[in-house]
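Next comes just one chain, in structure tokens: the form predicted on its own.
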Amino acid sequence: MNSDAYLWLTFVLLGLATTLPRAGFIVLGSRYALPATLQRALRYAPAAALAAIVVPDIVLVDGAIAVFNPKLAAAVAAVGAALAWRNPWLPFIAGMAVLHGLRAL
């Protein structure tokens, strides 16, 4: 097989690997229910995925963990504002103010 055929085979297999698990829930519908424990665990999947994307960007600077960086301080300020007040805009404002203030220094 040449490299083009390998490339197309890879595309098709990756497409099937991403489509079949999703289609399984649609096709099976309500005929099959997930166990209650798994359903409770899946509620945390979006937060875990978001944390896996955001946390490395916050704590890493040039590929190394940096405890003192503006992004980490801004994230701490945003989380603190979110926990202290119920205003949905305040964490954004606090985080951006800290980030831009520390970058200006």
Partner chain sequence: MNASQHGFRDGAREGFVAFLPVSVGLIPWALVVGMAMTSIGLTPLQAMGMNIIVFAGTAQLGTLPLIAAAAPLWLIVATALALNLRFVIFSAAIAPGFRGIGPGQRWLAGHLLTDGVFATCFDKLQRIDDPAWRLGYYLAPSLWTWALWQAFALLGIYAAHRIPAGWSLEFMATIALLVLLVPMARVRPMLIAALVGGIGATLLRDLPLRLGVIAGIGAGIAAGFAAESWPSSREPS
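If you're wondering where the values come from, they're calculated on a predicted model, not measured in any experiment. Residue numbers count along the first chain shown, from 1. In this text, the rigid core denotes the largest set of C-alpha atoms whose superposition between the two forms falls within 1.5 Å.
One more form of this protein exists, namely the form predicted in complex with its partner chain; it is left out here, but the text below deals with it.
The closest heavy atom approach of Y44 to its partner chain in the predicted complex falls within 4.5 Å. Its partner chain in the predicted complex comes within 4.5 Å of a heavy atom belonging to L7. Taking non-hydrogen atoms only, V67 never approaches its partner chain to within 4.5 angstroms in the predicted complex. Residues K71, A74, A75, A78, V79, A82, L83, P88, W89, P91, F92, G95, M96, L99, H100, R103 are the ones in 66 to 105 with at least one heavy atom within 4.5 Å of its partner chain in the predicted complex, listed in sequence order. Comparing the forms between the shown form and the other one, the C-alpha position of R22 differs by 2 angstroms or more, with the core used for superposition. Core-superposed comparison between the shown form and the other one: the Cα of L9 travels 2 Å or more.
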